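Only one chain is shown below, in C-alpha cells, and it's the form predicted on its own.
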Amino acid sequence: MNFSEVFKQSNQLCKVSPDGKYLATCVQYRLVVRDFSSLQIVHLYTCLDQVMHMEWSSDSLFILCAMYKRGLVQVWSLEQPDWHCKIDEGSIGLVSSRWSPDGRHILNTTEFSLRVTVWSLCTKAVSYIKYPKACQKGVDFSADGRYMALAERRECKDYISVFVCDDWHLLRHFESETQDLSGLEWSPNGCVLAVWDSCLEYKILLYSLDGRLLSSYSAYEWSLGIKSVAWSPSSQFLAVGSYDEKVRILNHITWKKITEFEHPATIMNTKAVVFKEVEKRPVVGSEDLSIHQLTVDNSLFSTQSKYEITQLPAQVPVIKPDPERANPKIGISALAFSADNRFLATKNDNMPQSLWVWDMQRLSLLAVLEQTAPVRCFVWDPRRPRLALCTGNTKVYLWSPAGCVSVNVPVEGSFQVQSLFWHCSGSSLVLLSKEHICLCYVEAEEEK
C-alpha cells in the first residue's frame, strides 16, 4: 500500500471524474483539477465566492460549482478553459444544484423548495418544475439516465412526477400513498421506483414506471420506522434499515420479506467472525528521540493497531440513546451492498463502533468489525468484494473475505481520516481529512 503527498481541500469537496482521469478539489473559491495518475495540476479556475458544492458532468467534460449563499452556479469546461457559464438565481435563492444525466442540463432547487429550474447549456432554454418536496431524497434519476422521478407536495398530499430527461416532458404524475414522503430511489435496472415514508410511519411503496403500485410493505406500526434504504446492484434485493435495529430484505418477485438481520448486543452465531481492533502504543527509547525525528516522523508516536479474532459469544459495545432528544442515535443508519451482490454492510447507530457484514448467498452474519472509535464512513470497492472504512483517526481499514487489515496513513503531521471513497478502477482510495486529501494506492493482491 502506497500513499501520495497531501493536498489542500475545503468543505470536503473532492471528486474523481466519471472517466477516472481527473481529480477535482475545491480550496475556498478556487477549483483545482489534477491529472489522476500524475497528480499534476492541469486546470485552475477561480470562482466568484467560496464553493459549497461541486460536481462533474457524466461525460467528464464540465464541472459545476455552486455558491448557495450567493444563489450562483458557475460551470467550467475542461476542453475549452476560456469558456464558462454563470447561472444567477437572484433573490429566489438556491439550496441545491445538480447535473442531469446527459451533462448538458443543470437542475437548481430554489429556497423553500418553491421550484426546480432546469437550465440548458446548449440552447440556454429554461424550464420550471413547481412544487418540489423538501425531503431527504426528493429527486432521483434512473441508472440509464432516461427518467427522473421527483417528489412533490401540493394540497397537503404527496405526488410523484416522472419526467423524460431528453426534453423534460411529463411522462407520469400520480399520488403517492404516503403520509409524509421521505425519499425515493430507482432500482438499478430502472424498472421499479421505491418510495418510503417519514420515520413516523414504517411504509415502503414500490411503483412501476407507469405509476402502478406494485406492492406496499410495512413491518410494524406505532413506532419509529424506516431509517435507510438500499438496492442491491442486481435489483434483486431491497434492504430496508429501521429504528428497531433490524434490516429487512425484500425480494424482487413478490416484494415480500425473505429474511431479517438483527444486530444483537451478544453475538452467538458460530459461523460469524468478530474482528476486534486492538491498539498498541509504541515504546520509544531515548536513543530514538532525535530532534529530526520529533519534527518529521509523526509515526514515531502514532498508535499502531491490529485486528484480533474474538472468542464467541462476543459482546458488542452498546450506547443507550437519549429518548428525550429528537433523532435518537438508534437503528440502521447506513446500508451498502458490494458490487457483486454477495455482501451487505450495515451500521447500527447505538453500536457506533461496530460494522456488520452479511453474506447474501447464505443470508447470515459473516463478520463484525469492532473498532476503537465510532465508524465514520464505509465504502465498497467498485470492482472487488473489499470494504474500506475510517473512524476519524490516522488509519484506514480494509475488510475482504480473506480478513482485515489496519493501515496507518504515513504523512507528516496528523492526517485524521474523516471520509473516503474509491477510484472507479478500485485501485486506489481518496482519503479526506478536515482540510486535506491524500491518495492511498491499494494493490489487488492485498485482498488475497
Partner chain sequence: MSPSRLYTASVTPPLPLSSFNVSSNFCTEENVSECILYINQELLSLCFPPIFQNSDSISDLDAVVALNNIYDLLQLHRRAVGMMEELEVEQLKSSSDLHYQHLTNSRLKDQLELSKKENMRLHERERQLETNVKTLQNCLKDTKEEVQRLQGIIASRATQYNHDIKRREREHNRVKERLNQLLIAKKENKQGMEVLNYIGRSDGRRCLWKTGKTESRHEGDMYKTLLNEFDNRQRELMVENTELKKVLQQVKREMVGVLNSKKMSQEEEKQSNDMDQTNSDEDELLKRHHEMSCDHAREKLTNSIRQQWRKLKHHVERLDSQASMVQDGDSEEVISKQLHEEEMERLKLEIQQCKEFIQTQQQLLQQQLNTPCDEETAAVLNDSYMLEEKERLKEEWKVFEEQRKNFEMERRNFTEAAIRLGHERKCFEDDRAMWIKHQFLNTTFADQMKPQSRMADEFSKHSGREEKLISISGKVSKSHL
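Residue numbers count along the first chain shown, from 1. A quick note: this is a predicted structure, and the numbers were derived from the prediction, not measured.
Although not depicted, the form predicted together with the partner chain is the subject of the following passage.
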Q | residue 276, heavy atom within 4.5 angstroms of the partner chain in the predicted complex | A | no
Q.
With a cut-off of 4.5 Å between heavy atoms, is residue 88 one of the residues that contacts the partner chain in the predicted complex?
A. yes
Q. Taking heavy atoms and a 4.5 Å cut-off, does residue 253 contact the partner chain in the predicted complex?
A. yes
Q: Would you check, heavy atoms only and a 4.5 Å threshold, whether residue 268 touches the partner chain in the predicted complex?
A: no
Q: Indicate whether the candidate residues 191, 199 and 326 are all in contact with the partner chain in the predicted complex, with contact defined as any heavy atom within 4.5 Å.
A: yes
Q | Segment that reaches the partner chain in the predicted complex - one of 357-365, 258-266, 114-122, 335-343, heavy atoms within 4.5 Å | A | 114-122
Q: Go through 309, 314, 171, 373 and name the one with a heavy atom inside 4.5 Å of the partner chain in the predicted complex.
A: 171
**Q.** Proximity to the partner chain in the predicted complex, single hit among 320, 212, 130, 157 (heavy atom within 4.5 Å)
**A.** 212
Q.
Can you list, in sequence order, the residues from 135-173 that come within 4.5 Å of the partner chain in the predicted complex, counting heavy atoms only?
A. 146, 147, 164, 166, 167, 168, 169, 171, 172
